[in-house]
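This document opens with one chain alone, in structure tokens, the form predicted alone.
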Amino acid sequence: MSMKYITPAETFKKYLPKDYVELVDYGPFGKSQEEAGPGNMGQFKELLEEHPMCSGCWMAYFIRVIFAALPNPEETVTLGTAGCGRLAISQAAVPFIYGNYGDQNAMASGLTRAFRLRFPEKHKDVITIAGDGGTMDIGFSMTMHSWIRGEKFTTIMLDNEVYGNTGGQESGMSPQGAVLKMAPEGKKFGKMPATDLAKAAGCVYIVRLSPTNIKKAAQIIRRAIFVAREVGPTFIHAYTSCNIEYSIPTEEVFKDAKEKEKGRFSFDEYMTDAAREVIERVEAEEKAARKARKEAMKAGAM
């Protein structure tokens, strides 16, 4: 994808679906976060507006935030696998590759390398977005090896602590003692230490969070992507509750996410020195750009 690729010729606009034309004209492509970022969701044509996920699904909310936070959606490809998340990810106006049972990080490794060879002058962001089963259970070996090899892309784990898409089996990320449809006596062992494993495998930027603060979550997503472009693998471990399998009433989903922030999803951010340098440089550049835009707007109003 690129701006040239998605922008239709004026002659053909009237023949194209209205949603497509509005996405190009009023969507986030080529715009700043002030114009079309998570803080303004609902005020621009979003990349993800419809999905078939359950009412009140916290995972669907976070996926929406992910797409709103992308630095360059027109130069981004997402990859996923079997699981609830792909039901929404595949509906977004960003190229999506559906992996086969946990191989999303293996595919992302090849895709990232191909992009760097084919488009050496561009940043083509590759992001895997999958559940706890696809990332840490079924896809564990491919996830770990992509990190060990230092592949430059971002891995986002949507951790709902259960196999929600296939009936309620326990996963490696389910907490010890969790009673689920297919774990009626409670899970017998503890939750896998995902962020510790990521650090041991060489991830250069790692965050664990319960995404209750939109702006903070967006900042984390952007940091992970910017660092992956230059330094190495980055990992976001996000709590995205399954209100169906854990019987969380829709009106209590946000409260549950806030509660998890106080416990096993307390905010934790790790970065190497090289990652910190990238973050500080990029955020300084963005701050300067925001200031310049404000000054230009002020000058234009005079």
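Residue numbers run from 1 along the displayed sequence. From a predicted model like this one, the values you see are computed outputs, not experimental measurements.
The same protein also exists as the form predicted together with a small molecule; that form is not shown, yet it is the one meant from here on.
- Residues placing heavy atoms within 4.5 Å of the small molecule in the model of the complex fall in a single listed stretch, namely 124 to 132, out of 124 to 132, 219 to 227, 72 to 80, 145 to 153.
- The small molecule is not drawn, but in the model of the complex it has a heavy atom within 4.5 Å of residue 138.
- In the model of the complex, the small molecule lies farther than 4.5 Å from every heavy atom of residue 198.
- Under a 4.5 angstroms non-hydrogen atom cutoff, the small molecule in the model of the complex lacks residue 203 among its neighbouring residues.
- Using a 4.5 Å cutoff between non-hydrogen atoms, residue 59 counts as a contact of the small molecule in the model of the complex.
- Contact annotation for the candidate site: 85, 101 and 162 all lie close to the small molecule in the model of the complex (heavy atom within 4.5 Å).
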